[in-house]
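Shown here is one chain on its own, the form predicted alone, set out as structure tokens.
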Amino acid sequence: MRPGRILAAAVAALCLAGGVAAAAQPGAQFPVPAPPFTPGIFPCSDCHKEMKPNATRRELKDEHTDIVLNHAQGQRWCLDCHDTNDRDRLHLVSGRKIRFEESYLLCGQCHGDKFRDWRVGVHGKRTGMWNGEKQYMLCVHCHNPHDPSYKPIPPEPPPVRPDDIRK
């Protein structure tokens, strides 16, 4: 390999390592797009501001009946993640309130290995420059937070060969 290419490869590796190291720092900021809320459902306080919070675990029968909680079933409840008194926020186990744009912190409490991988770009999607500004997609851009497992996808037919198109 020519010396110029070796130097360029070394510089690129150092820049990449620096970017990964910066993203791996605790307290690092991650620019994210708005969470994919169902239209008309946020801010939650629009409906909840007049309601007295009911922290009793129960099946929802009046509102949000389309939500099926299939995420650590039997161990989780709405208010484990959504803040009881500030419905426009989530909360961590510590009680710290967070914005929905910081939901990766909430997910990362239980899925630390995925959070670590997301921060360094191994899990999830990023857009932007490889060594510049990036935008990180939130966990909820790919996973339904109430039912996060991917569902089976039927296989697509094989691509049409160019020879078959001409006929």
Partner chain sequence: MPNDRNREPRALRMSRRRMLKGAAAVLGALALPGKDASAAVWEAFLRRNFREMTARDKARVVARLEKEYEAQFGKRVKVAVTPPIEGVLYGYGLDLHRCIGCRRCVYGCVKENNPSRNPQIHWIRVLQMKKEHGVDLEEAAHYYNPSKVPEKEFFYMPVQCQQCERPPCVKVCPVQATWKERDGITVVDYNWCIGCRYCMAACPYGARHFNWKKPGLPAAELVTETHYLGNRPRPVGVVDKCTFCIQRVRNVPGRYPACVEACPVGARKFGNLLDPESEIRYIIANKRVFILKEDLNTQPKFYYFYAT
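Positions refer to the first chain, counted from 1. What you see is a predicted model; the values in this text were computed from it and never measured.
Below, we turn to the form predicted together with its partner chain, even though it does not appear here.
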item	value
Any non-hydrogen atom of residue 42 within 4.5 angstroms of its partner chain in the model of the complex	no
Heavy atom of residue 127 within 4.5 Å of its partner chain in the model of the complex	yes
Interface membership of residue 48, its partner chain in the model of the complex, 4.5 Å heavy atom rule	no
Residue 120, heavy atom within 4.5 angstroms of its partner chain in the model of the complex	yes
Sole residue of 60, 142, 34, 68 within 4.5 Å of its partner chain in the model of the complex, by heavy atom	142
Residue stretch of 34-42, 97-105, 112-120, 60-68 approaching its partner chain in the model of the complex, non-hydrogen atom distance within 4.5 Å	112-120
Partner contacts in the model of the complex for 138-157 (non-hydrogen atom within 4.5 angstroms of its partner chain)	142, 150, 152, 153, 154, 155, 156, 157
